[in-house]
Ligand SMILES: NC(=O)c1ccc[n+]([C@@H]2O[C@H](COP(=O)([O-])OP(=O)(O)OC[C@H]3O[C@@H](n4cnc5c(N)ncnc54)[C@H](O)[C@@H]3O)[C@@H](O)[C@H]2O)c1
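One chain is shown next in structure tokens, namely the form predicted alone.
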Amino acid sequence: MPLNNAIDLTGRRILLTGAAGGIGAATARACATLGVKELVLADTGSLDQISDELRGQGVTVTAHQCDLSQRRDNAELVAAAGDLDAAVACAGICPLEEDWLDDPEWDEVFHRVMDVNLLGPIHLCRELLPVMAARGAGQIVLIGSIGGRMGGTSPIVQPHYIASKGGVHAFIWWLAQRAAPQGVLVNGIAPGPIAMTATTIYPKDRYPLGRIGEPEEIAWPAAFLCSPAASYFSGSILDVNGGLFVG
């Protein structure tokens, strides 16, 4: 007797942060393909393009332009979203130009990176967990990085990014233990280098597959972690890096 396909988002309402582009927009498209009922999109930038695209496919979309590093913005976002089945926190920044040894303004950049990459997801989860726990169900996915596993894959990646993503991984493990008894599953993805901007430079000859990844190659695992097929995942961090890190 054939098994039903449990990688199905039919009827689900999912929140995506960092949804204007990159992994966030790709995840929105993946969720739409899997039959999601409604997407709540959030980003600091304009969401008009991705929202119009998804609505053209028949998906109900609500868009919120907000600063996801701020607790108030996260609180307002979750309150406006209402009941959610899942959430994927894709918002993040990775400044590459600063020199942590010599740049006199580097400390300010450090705090901004930590605010966006680590404190932002913490703020989001502080709002999501009580709402999902009250329903006794929910799935939260946080995007970490291979940098949080092995200290980075290129000398251009700065320590503020590495520290923030290592913190995301630790937070996933911490929160998963507290959320699972309430029916809420917390998991993460640690992507390898992903082609999202024309200025991204990585030594591709070091990689087993000979290339860096595409946003869609992170989006599908993220959508999976929002589906019934991931009903026994809790505290997992999926390493999606083309074989660059194995451990």
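In this text, residue numbers run from 1 along the sequence as written. The structure presented is a predicted model; accordingly, all values stated were derived computationally and were not measured.
Below, we turn to the form predicted in complex with the ligand, even though it does not appear here.
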**in the predicted bound form, the one of I162, V78, L175, V116 near the ligand [non-hydrogen atom within 4.5 angstroms]** = V116
**Fill in**
Partner-free chain; cross-checking the ligand in the predicted bound form, the single residue of A137, I93, I156, A170 with a heavy atom within 4.5 Å is I93
**Request:** May I ask you to state whether T44 is within 4.5 Å of the ligand in the predicted bound form, using heavy atom distances?
**Result:** yes
**Message:** Taking the ligand as it sits in the predicted bound form, is D67 near enough to touch it, meaning that at least one heavy atom pair lies within 4.5 angstroms?
**Reply:** yes
**Asked** Just to confirm, P228 within 4.5 Å of the ligand in the predicted bound form by heavy atoms?
**Response** no
**Asked** Would I143 show up as a contact with the ligand in the predicted bound form if we use heavy atoms at 4.5 Å?
**Response** yes
**Complete:** With a 4.5 Å heavy atom cut-off to the ligand in the predicted bound form, the contacting stretch among 67 to 75, 103 to 111, 127 to 135, 80 to 88 is 67 to 75
**Within 4.5 Å of the ligand in the predicted bound form: residues from 11 to 44 (heavy atom criterion)** = G18, A20, G21, G22, I23, G24, D43, T44
